[in-house]
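Two forms, one chain: they're shown below as structure tokens, one block per form, named structure 1 and structure 2.
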Structure 1
Amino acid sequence: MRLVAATGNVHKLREIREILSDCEIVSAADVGFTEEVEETGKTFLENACLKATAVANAVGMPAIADDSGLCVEALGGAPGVYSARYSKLFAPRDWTGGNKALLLKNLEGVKDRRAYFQCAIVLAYPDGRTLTAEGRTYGTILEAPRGTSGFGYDPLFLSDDLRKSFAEATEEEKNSVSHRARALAALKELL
């Protein structure tokens, strides 16, 4: 099966290709789709659906998209759907740090640092059909970054499964327990 991955994120694209290795995964750019789909949904699933549907309709091929993020219980689920643009939307006007720095600032003095990564995956077909799946992985937020691998919040996320940060884990270790891996595995069962 040939699918278009509706992402410009090379890390996500590589992970999707590794997990759905029995499918041919091409990037949206490979098939001429270079538009940015605005993520206006209030949930991960709504945003993934917006992206997958837009790409499937534009290129006439089945498209897979995900939306994912970090949810910290003590912050009421924040940064949540705003994970990628957390500091741009919620930092003070004079803020010079990034997403990870703002997260650590907002957790100063907080003892309960439980968190999870959430991922919603949507496979949209040009005829309007969709398949959806979701996955989570649980852990805690560290007080300082650990590790040099991964991307985004990985250096701050201490995985319950791995007992190390996602940035300390190998790609294979992370992919065995990640939220995206779990959502993709659930989607694979539907295929």
Structure 2
Amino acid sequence: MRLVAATGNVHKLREIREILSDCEIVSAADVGFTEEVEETGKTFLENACLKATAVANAVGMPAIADDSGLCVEALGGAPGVYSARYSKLFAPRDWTGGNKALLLKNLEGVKDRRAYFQCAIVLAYPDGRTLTAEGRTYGTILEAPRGTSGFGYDPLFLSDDLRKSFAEATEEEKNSVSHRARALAALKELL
């Protein structure tokens, strides 16, 4: 099956190709889709669905999209779907730090630092059918960043599985336990 991946992120494309190795994966840009789909959903699944259906409808091919983020239990699941825009949306006035600094500030003095990354994946067909899958990976939020690899909140996420931060892990190590890999593996089961 030929699938369009609704992402321009090379790391995600590589991971999708590796796990869904029976499918031919092309990027949205490869088939002429360059629009930015607004993530207006309240859940990861809603956002992934918005992106996958927009691409499938526009290009007339099955499309796969994901949405993911970090959920911290002591913060009621925040930053959650707002992970990418956390400091932009929720920082106090005159805030000059980024997302990671805001997370550390909001967890000052908090003992229970349990958290998980969650990923929702949707495969949308042009006829309106959808397949959905989700994956999680658990850990705790460190008091200070560790490591230099990865992206986003990786330096603050101490993985239960790896016993090191995601930014201290190699790409292969992270991909062996990541929320995205688990969601993709669950989707593969459905195909």
Ligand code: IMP
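Numbers given to residues start at 1 and step along the sequence of structure 1. Model, not experiment: these values are computed from the prediction. C-alpha atoms forming the largest set that superposes within 1.5 Å between two forms make up the rigid core.
Between the two copies of this chain, it is structure 2 that is the form predicted together with inosinic acid (IMP). Remark: with the core as the superposition reference, the CA shift of Ser176 between the two structures stays below 2 Å. On rigid-core superposition between the two structures, the C-alpha of Val10 is found to move 2.8 angstrom.
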